[in-house]
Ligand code: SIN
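Encoded as structure tokens, the following chain is the form predicted alone, with no partner shown.
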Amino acid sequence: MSLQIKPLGQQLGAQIVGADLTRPLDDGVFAQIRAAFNQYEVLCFRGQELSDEDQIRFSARFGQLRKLKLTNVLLDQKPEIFVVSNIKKEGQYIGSYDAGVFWHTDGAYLPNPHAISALRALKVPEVDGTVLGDTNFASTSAAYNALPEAMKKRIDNLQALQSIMHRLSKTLESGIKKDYTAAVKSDPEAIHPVVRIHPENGKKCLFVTEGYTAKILGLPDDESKDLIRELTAHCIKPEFTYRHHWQQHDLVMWDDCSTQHKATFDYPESAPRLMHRTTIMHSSAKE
């Protein structure tokens, strides 16, 4: 199998052409994909008419899959599949309808944050023939590398509180009502370095987002807020970002240590969106 790797963004993102994910990949092809992922941090596979079993099998090549605890947005009988959707059944959303409202990295508030997320587009929202609902990605490794040396020295040994309660507070402020009871009871917050060393490839990455970073420890509140604001604004500068325009049957995977992302909610609820996500844990993490 001959693969083509087509860069998409200035600092991150690449499309993989020539891989058929409906079948098991041989070790050589998978090694090429793994190397491309390490380099580009976000990979896109177009035209992959995958089953849930296909997605689970491919994702599991990267590591152990996490079975998430928010059971109301997990696919029946397949706890590895997290449903993202604005579709309702019997008056209730069938999945997480507000995923990606704020810039964030998945699972940042957990003691062992997510390693990789893989999102598959089953239905993309369309209005008058135009597909909406893009996703923006930012490279936090490129953002760190571009910082002035003085800022690197200032933040290299700092730690931050990542909290789902912070996310909930921001969600409520935006007018969205959502029940986070299950997550709050289990793993509501964790402390992680502001500059996180990637556990697989050693990249230095800014681990600060508007969605989950509640406070930088050891700093007065005002200074903490100002620094979070400065670092998050730096991460999402255009030169560090890639905007993905979805097509049906896309599979997009991203590194949850070296990137953050945000969805564009530019479509009405009447335009259905349905995505299935798998989540890979770091090799050192335990369920």
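We number the residues from 1 along the sequence you see. The structure displayed is predicted, hence computed values, not measured ones.
The next section is about a form of this same protein that is not shown, the form predicted together with the named molecule.
- Taking the partner from the other structure, the named molecule in the model of the complex has a heavy atom within 4.5 Å of a heavy atom of Arg273.
- The shortest heavy atom separation between Pro125 and the named molecule in the model of the complex exceeds 4.5 Å.
- In the model of the complex, the named molecule lies within 4.5 Å of some heavy atom of Val84.
- At a distance threshold of 4.5 angstroms between non-hydrogen atoms, Gly100 is in contact with the named molecule in the model of the complex.
- Against the named molecule in the model of the complex, the set Leu119, Thr135 and His261 is in full contact: each member has a heavy atom within 4.5 Å.
- In short, of 87-95, 196-204, 155-163, 103-111 it is 103-111 that has heavy atoms within 4.5 Å of the named molecule in the model of the complex.
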